[in-house]
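Next up: a single chain in structure tokens, the form predicted alone.
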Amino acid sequence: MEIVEVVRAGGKPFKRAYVSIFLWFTGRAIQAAAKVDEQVRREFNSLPDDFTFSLGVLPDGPWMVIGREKGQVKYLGGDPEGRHLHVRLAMKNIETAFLILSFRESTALATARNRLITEGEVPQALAMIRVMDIVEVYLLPKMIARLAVKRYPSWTPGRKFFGRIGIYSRAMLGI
């Protein structure tokens, strides 16, 4: 019997950098949205107080970790190692992550095509997907956000405008 050499795929540095930056900014935007948007706040209030969520790419990252501590939603960085995670959403590879995060494939379609792995309670995972959809509507222009979310919400212009300003400024400043 012959031993076969394992060949690993190329690093794909552009896609990895794009996904890393996207997850970093989205993590900070979720933290900001929990302070700005009432609907996001309600979603987090329905979760346990020590709730921790991660979204990332298999096999070795990048990752985004969000936690709720003492009623505050925090972006906890990009390292899920050593943390107790209530919900973990993992995209199967960097190609899948790039498809989803460049809005060429919606979360619902990616789930139907078995590109996402969910570990944890399904209602909590769905709550986090709803939060990410709300944040994407705030962060993205309507034309792109329609591709990213299942149903584009009919918000008042004031909610979208002032929410967008609040989320972008808090995410950039990290508050």
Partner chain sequence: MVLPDYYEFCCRVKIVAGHDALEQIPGLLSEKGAKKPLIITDKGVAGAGLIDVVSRVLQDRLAGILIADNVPPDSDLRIVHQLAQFYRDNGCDAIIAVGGGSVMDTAKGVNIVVSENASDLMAFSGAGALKRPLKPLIAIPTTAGTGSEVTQVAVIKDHEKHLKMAFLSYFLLPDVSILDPRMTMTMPPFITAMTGMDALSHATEAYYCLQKNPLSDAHALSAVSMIYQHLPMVVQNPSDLNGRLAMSIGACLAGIAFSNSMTGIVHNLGHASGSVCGVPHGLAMAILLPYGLEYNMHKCEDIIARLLLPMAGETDYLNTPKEQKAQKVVSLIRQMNEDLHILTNGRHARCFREVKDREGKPMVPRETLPEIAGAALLDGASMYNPEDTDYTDNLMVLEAAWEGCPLDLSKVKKG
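Quick caveat, the model's predicted, so the values are computed rather than measured. Positions refer to the first chain, counted from 1.
As for the form predicted together with its partner chain, it is not shown, yet the points below apply to it.
- Note on the interface: of 113-121, 26-34, 48-56, 66-74, the segment with non-hydrogen atoms within 4.5 angstroms of its partner chain in the model of the complex is 113-121.
- Taking non-hydrogen atoms only, R146 approaches its partner chain to within 4.5 angstroms in the model of the complex.
- When its partner chain is considered in the model of the complex, Y152 lines it closely, a heavy atom lying within 4.5 Å.
- The shortest heavy atom separation between R41 and its partner chain in the model of the complex exceeds 4.5 Å.
- Taking non-hydrogen atoms only, I129 approaches its partner chain to within 4.5 angstroms in the model of the complex.
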